[in-house]
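We begin with a single chain expressed as structure tokens, specifically the form predicted alone.
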């Protein structure tokens, strides 16, 4: 398959260092809010990469909270990603917002959020999502799809809709605490704008890099 002739023109916006917010979390929140306003499905999707046995692994998860000090997502702590993060808490995050010709890359370190915060979010999840989290040993093998559905149905019988589904002990939230951001804005002729924010004690250093 020859993809050499695929070409795109980038002219949605520009990214001026003098106009960008000096706090990358505020700058991120501004871009995220703009993208959210488009009403695109899964606008909060992000690719996260972890390292296990010196091998990188990437997957899509959903951003569930923006805090002043980082980003929150939820998972099974015993999943592949959970095991990777337990051994190596460094994480890389990528947001790709095609419609606005933007990317945000983030490097950070993760830590588990407080259990009560995870429980508060779990209680807000749809019933079937709660059952799915309770029934699934995420990333572990299972013999068939039908076996998975039977397991799911057993949990539905045990916890009928309208009753409280207990949050699994191995499930909860992670906070990504960033130490580096890259904001990328597509520009004409591949002269893309790229601003790098690096953590410096209580402040951030900002510099432009070449596309």
Ligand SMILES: Cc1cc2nc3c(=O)[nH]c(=O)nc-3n(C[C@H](O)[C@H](O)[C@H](O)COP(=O)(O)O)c2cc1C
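Positions refer to the first chain, counted from 1. Just so we're clear, the structure is a prediction, and the values are computed from it rather than from any experiment.
Just so it is clear, the following notes concern the form predicted together with this ligand, a form of the same protein that is not shown.
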Using heavy atoms only and a 4.5 Å cut-off, decide whether all three of 129, 149 and 167 touch this ligand in the predicted bound form. no
Among 90, 136, 79, 103, which has any heavy atom within 4.5 Å of this ligand in the predicted bound form? 79
Residue among 175, 40, 61, 66 with a heavy atom within 4.5 Å of this ligand in the predicted bound form: 61
Quick one: which of 141-149, 154-162, 26-34, 52-60 gets within 4.5 Å of this ligand in the predicted bound form, going by heavy atoms? 52-60
